[in-house]
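Below you'll find only one chain, the form predicted on its own, shown as C-alpha cells.
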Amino acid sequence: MAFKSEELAKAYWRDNISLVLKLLAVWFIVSYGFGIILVDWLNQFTFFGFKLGFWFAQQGSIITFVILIFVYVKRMAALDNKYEVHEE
C-alpha cells in the first residue's frame, strides 16, 4: 500500500483498528455476553423452539461471526477507496 502522506497512513490505520475493535466488541457481546453471561435470563425466551440462550451459544454467535465477516469486507473496501489504497 502506498499512501500519499504519513498522515493519511496514520488515519487509515486508525480507522482500520477502530473498525476491528468495534466488530470484535459486537462479537464478544453476542458470543460471551449472550451465550454465557446472560444465558439463564435469555433461556426464558424461545427462538424456533429452542431456548434463546442455548441458541445464541450454539448458533447465534456463529451466524453473527459470519455476518461480521461480510460487514468487515464491505467496510474495508469503502475504507480502502476513501484512502485510495484499493486494489486495482
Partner chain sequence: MDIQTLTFIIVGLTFALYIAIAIWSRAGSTSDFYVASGGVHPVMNGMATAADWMSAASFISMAGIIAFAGYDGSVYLMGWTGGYVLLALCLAPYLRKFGKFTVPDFIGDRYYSQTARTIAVICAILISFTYIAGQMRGVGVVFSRFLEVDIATGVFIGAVIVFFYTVLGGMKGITYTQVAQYCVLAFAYIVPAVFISIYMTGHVLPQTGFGATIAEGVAGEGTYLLDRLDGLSAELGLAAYTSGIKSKIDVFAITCALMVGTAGLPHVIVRFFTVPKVRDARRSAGWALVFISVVYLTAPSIAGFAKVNLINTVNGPDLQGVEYDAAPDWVKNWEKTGLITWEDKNEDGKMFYSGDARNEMTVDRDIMVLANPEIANLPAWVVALVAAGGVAAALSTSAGLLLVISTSVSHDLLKRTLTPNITDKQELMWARVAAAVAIALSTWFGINPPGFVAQVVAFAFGLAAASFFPAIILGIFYKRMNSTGAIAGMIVGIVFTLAYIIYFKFVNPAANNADNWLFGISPEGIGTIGMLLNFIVSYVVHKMTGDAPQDTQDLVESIRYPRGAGGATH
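None of these values were measured; they are calculated from a predicted model. Positions refer to the first chain, counted from 1.
What comes next is about the form predicted in complex with its partner chain, which does not appear here.
**Student:** Please check if residue 44 has a heavy atom lying within 4.5 Å of any heavy atom of its partner chain in the predicted complex.
**Tutor:** So residue 44 does not count as contacting its partner chain.
**Student:** Even though the partner isn't displayed, in the predicted complex is residue 80 close enough to its partner chain, meaning a heavy atom within 4.5 Å?
**Tutor:** Yes - in the predicted complex, heavy atoms of residue 80 and its partner chain come within 4.5 Å of each other.
**Student:** Any chance residue 76 has a heavy atom within 4.5 Å of its partner chain in the predicted complex?
**Tutor:** Result yes; residue 76 sits at the interface with its partner chain in the predicted complex.
**Student:** Indicate whether residue 11 is a 4.5 Å heavy atom neighbour of its partner chain in the predicted complex.
**Tutor:** Taking the distances in the predicted complex, the answer for residue 11 is no, it never comes within 4.5 Å of its partner chain.
**Student:** Going by heavy atoms, what in 3-30 lies within 4.5 angstroms of its partner chain in the predicted complex?
**Tutor:** If the 4.5 Å heavy-atom criterion is applied to its partner chain in the predicted complex, 3-30 yields 3, 12, 13, 16, 17, 20, 23, 24, 27, 28.
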